[in-house]
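One chain comes next, on its own, written as structure tokens: the form predicted on its own.
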């Protein structure tokens, strides 16, 4: 099971901040494969899956953004009614708490990709290693999103 790393950008919650961040990524030639925004009052966190994490990290730090990198699980999910429930129920039965999650489409007429952040990625991998799930790596996400 291969983990996937994402970049989190901490930013003030005001007009133009997302444009500034995505502008840095665009200028650096970074492809955004997925993103999630969570805000709380005056500040927020924008989480990105990108095609070149190290280059995105460098570009954003050079422009003064506060960022962190973390590992998440990327699971192929059936894009049918109950597809998300099947995975959510499995996580529940394994006592794995989802801290946050978001989905990404795959190629047309295919499944979806479920991105999940948990407190302990390695423990979650151990608990799920014998389950009928397909975990995706960063290169596989790039291929499947193509």
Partner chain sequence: MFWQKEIETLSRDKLSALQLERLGRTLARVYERVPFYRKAMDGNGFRPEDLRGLKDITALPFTTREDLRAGYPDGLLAVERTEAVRLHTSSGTTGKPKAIFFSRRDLDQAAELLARCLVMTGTGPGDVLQNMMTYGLFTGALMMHYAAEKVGILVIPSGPGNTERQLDLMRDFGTTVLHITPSYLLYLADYLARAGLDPARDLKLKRAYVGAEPYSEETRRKIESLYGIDIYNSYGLSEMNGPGVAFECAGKQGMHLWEDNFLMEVVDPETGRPRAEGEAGELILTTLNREAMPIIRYRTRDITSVISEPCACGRTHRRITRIAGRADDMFIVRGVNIFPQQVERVLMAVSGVAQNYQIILDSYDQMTVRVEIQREVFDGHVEHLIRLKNLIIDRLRSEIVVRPEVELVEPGSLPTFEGKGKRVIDRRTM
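Being a predicted model, the structure only gives us computed values, none of them experimental. Positions refer to the first chain, counted from 1.
The next section is about a form of this same protein that is not shown, the form predicted together with its partner chain.
**Q** Among the candidate stretches 22 to 30, 92 to 100, 49 to 57, 79 to 87, which one is within 4.5 Å of its partner chain in the predicted complex when only heavy atoms are counted?
**A** Heavy-atom contact with the partner occurs in 92 to 100.
**Q** Would you please decide whether residue 8 lies within 4.5 angstroms of its partner chain in the predicted complex, comparing each non-hydrogen atom pair?
**A** It does: once its partner chain is placed as it appears in the predicted complex, residue 8 has a heavy atom within 4.5 Å of it.
**Q** Quick one: is residue 137 in contact with its partner chain in the predicted complex, heavy atoms, 4.5 Å cut-off?
**A** The answer is no: residue 137 has no heavy atom within 4.5 Å of its partner chain.
**Q** Is residue 17 close to its partner chain in the predicted complex, meaning a heavy atom pair under 4.5 Å apart or at it?
**A** Although its partner chain is absent here, residue 17 would touch it in the predicted complex, with heavy atoms inside 4.5 Å.
**Q** Given that the partner is absent here, does residue 104 sit within 4.5 Å of its partner chain in the predicted complex, heavy atoms only?
**A** Output for residue 104 is no: heavy atoms all beyond 4.5 Å of its partner chain.
**Q** Can you tell me which residues in 15 to 47 come within 4.5 angstroms of its partner chain in the predicted complex, by heavy atoms?
**A** 17, 38, 40, 42, 43, 45, 47 sit within 4.5 Å of the partner.
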